[in-house]
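A single chain, nothing else alongside it, follows as structure tokens in the form predicted on its own.
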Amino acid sequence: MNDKIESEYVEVGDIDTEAWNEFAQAQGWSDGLPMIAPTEAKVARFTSAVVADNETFAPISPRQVVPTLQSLAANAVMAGCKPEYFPVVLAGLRAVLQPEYNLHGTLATTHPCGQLMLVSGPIRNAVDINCGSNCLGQGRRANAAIGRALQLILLNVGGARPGDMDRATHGSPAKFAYCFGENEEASPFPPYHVRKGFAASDSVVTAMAAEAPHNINDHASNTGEGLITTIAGTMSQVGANNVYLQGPCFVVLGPEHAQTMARDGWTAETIQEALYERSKVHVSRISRENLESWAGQDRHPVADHYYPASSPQHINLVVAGGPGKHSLYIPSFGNTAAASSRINLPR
């Protein structure tokens, strides 16, 4: 059996599953979970699934390796993907390789960010991506395997190995897999990718170097105004990178919260504007040492406040999840972007 991990074939004979995983762990290829051996036949099925995708890839940080399609497919196989997931994985990789994403910085930081992947458009249903209840939890192969495949690519092709180039102080479960779909069917707002300028018929991956989700629990507020107050208060964190780096963030509205806001006349744009203004942090909540440090980095308050986003548009608003009066706030690494890439599907 020939197995292709990065750009070299490895002969492993008739090795069984347990022995394969021990071998992969010893090579530093594993994320710690069991993996599927990427045989030549399996890799070929994945590359065949994207035969019409002729876009080239930029070098992957930190090793600055230009990946082969086979090396990317091998990691998708190991992650447990089906061949039909592979176009989504490749779009996620293209998103994080956009210069404004700052992939090298997001992989080398001590911050606990993982690579969040939001999938919008028709492919969500075609490959069974969970957009509803528990969409950021366990139980759906597409979410788990697609998110894991991108992380394995960055580990094995990019070289972002924990304790070596990946210098995260604590890390996060988000570093295993961080993929979910937009619940367009339950959303009262235009789809996220349409608001980003894509066609409704497009399928799109948007990636962001993100912390794990922060729950926003509000069972009592029955008005859009009340929900804005709760969500803005959750965003107003003095310990998150956003408060001084003002990068992007995500606010993931549960469908019940979204419906309440829409009923009261709120649009996606007016929600972004209100959250931008109301989530600002007064300097009195920030330590003197941090104020001095941030000033040294040319990060200054505006009218004695720090804003946790660069603009209302950098608060990326999306509806996902199922029943229940919960929403999510997802801060970012800060020096990054919410980068989108259209998924190239076979004709």
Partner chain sequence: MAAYVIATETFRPLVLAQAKARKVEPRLIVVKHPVGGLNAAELEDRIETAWQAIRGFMK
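Just so you know, these numbers come straight off a predicted model, no measurement behind them. Numbering follows the first chain given and starts at 1.
Keep in mind that the form predicted in complex with its partner chain is missing from the display, and what follows is about it.
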Q: Find the only residue in 214, 195, 104, 82 having a heavy atom within 4.5 Å of its partner chain in the model of the complex.
A: 104
Q.
So its partner chain isn't shown here. In the model of the complex, which residue out of 274, 186, 97, 108 has a non-hydrogen atom within 4.5 Å of it?
A. 108
Q | Interface membership of residue 232, its partner chain in the model of the complex, 4.5 Å heavy atom rule | A | no
Q. Are any of the heavy atoms in residue 164 no more than 4.5 Å from a heavy atom of its partner chain in the model of the complex?
A. yes
**Q.** 4.5 Å heavy atom contact, residue 63 to its partner chain in the model of the complex
**A.** yes
Q: With its partner chain left out here, work out from 265 to 273, 137 to 145, 165 to 173, 83 to 91 which stretch has heavy atoms within 4.5 Å of it in the model of the complex.
A: 165 to 173
